[in-house]
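The chain below stands alone and is given in structure tokens; this is the form predicted alone.
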Amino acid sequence: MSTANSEERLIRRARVLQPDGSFQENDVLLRQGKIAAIAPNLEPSANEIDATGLSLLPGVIDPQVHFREPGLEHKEDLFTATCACARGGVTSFLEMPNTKPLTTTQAALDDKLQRAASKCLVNYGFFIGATPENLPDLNTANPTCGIKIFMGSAHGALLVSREAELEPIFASGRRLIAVHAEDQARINERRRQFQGQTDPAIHSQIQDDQAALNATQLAMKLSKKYQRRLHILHLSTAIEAEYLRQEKPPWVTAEVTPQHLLLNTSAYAEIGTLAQMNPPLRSPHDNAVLWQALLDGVIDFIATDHAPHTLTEKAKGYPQTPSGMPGVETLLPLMLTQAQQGRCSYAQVAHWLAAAPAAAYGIANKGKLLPDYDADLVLVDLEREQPVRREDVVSKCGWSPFEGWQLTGWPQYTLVGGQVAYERGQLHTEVRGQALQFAAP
């Protein structure tokens, strides 16, 4: 394990992102894994990064990923996934419980934490997964960022779709509940209706807008009834966004993926089953309404839902193909490219990708460029345009739905606790992140 986080390091002449979205050239001193000072012309250090021409942002916190370990390591594992994180400027992640075995007990959570300590280049946290039977575990397992409920998109023992099963979870305890909000009964009914169709575009009709809205409304009903902290994962539809605009109380948060902002159902004709995910891609109208909800604060932040599958699995033909796509390597450059194009500001990108998820999950001292905050940082080149190329993908799955897109703002350095995990195309695979700690609700 690297001991570099106890060293002093100086980032020289970085364009440091300011709260107003502008950039100001400064030196940044890192000491014992923290930001010690941000000022011009700091004293020289034996350990310096020349950041001339590079822009400094807070390291990205990706609050929804599926890294496939244990049990599905042929698709991805904690080491390959966190190599991909480092390349993408992601310095912390929160991972989902649908591994094999499922993360539904303290023992399974402990196993993941032990694996992560030995393998992860970046900081890590894990959800505990709800089943209809494991209520005691949901309230006692530690450390965890929250309870994950699959209300739909059938996930075996993790499926908790009926109100009678959901209510005891909302009624007991105070821990954050994060929901995959799709109505499984409606999906089952529509699957029968569209049976025999093999065009992957039908996926967006089977798991339609109404299936999403039904589940979001049910989760909100229970959250309001019990004043329970709720987070709605990967919001995908205009009707959900407008519903939240009217109904969302202060203790509810929501996220959106870059896929649901930037891709739509036209992607099926271009990339086929590589565009298949849950909840599915929607219409250009949904893209526009989700963007506006994000800009207005109705949607609080962004997550990738990184869910890799092999190209062999994706080639099986719909509906045998699994849903999901990788995302940690492209999240930051995708959003910085949107800022460069004027759709949002650089300050908003930093808020959505770092400060807001840190606040939502009670992760202290992360997500901002301030003294005494953790030195989880990314230096990007906002002048250099580079395409998404399959041969550059670090994730074990080896592909991206954004292949061929020209993006600006690729990471040049990623620092985790002051340690350089990624440097101009080279991964420093000896670097290790730490287990995230979450404030009690």
Ligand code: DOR
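When you see a residue number, it is the position in the sequence shown, counting from 1. None of the values given here were measured: they were computed from a predicted structure.
Keep in mind the form predicted together with the ligand is missing from the figure; the text below concerns it.
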Original post:
Given that the partner is absent here, does residue 278 sit within 4.5 Å of the ligand in the predicted complex, heavy atoms only?
Top reply: yes
**OP:** Check whether residue 253 has any heavy atom within 4.5 Å of a heavy atom of the ligand in the predicted complex, and answer yes or no.
**Re:** no
Original post:
Does any heavy atom of residue 305 come within 4.5 Å of a heavy atom of the ligand in the predicted complex?
Top reply: yes
Original post:
Would residue 309 count as a contact of the ligand in the predicted complex, using a 4.5 angstroms cut-off between non-hydrogen atoms?
Top reply: yes
Original post:
Of 37 to 45, 398 to 406, 376 to 384, 63 to 71, which is the one stretch near the ligand in the predicted complex, taking non-hydrogen atoms within 4.5 angstroms as near?
Top reply: 63 to 71
Original post:
Of 265, 98, 273, 287, which one comes within 4.5 Å of the ligand in the predicted complex, counting heavy atoms only?
Top reply: 98
Original post:
338, 80, 134, 323: which sits within 4.5 Å of the ligand in the predicted complex by any heavy atom?
Top reply: 323
Subject >> Heavy atom of each of 150, 155 and 180 within 4.5 Å of the ligand in the predicted complex >> reply: yes
Subject >> Heavy atom within 4.5 Å of the ligand in the predicted complex - qualifying residues of 207 to 243 >> reply: 234
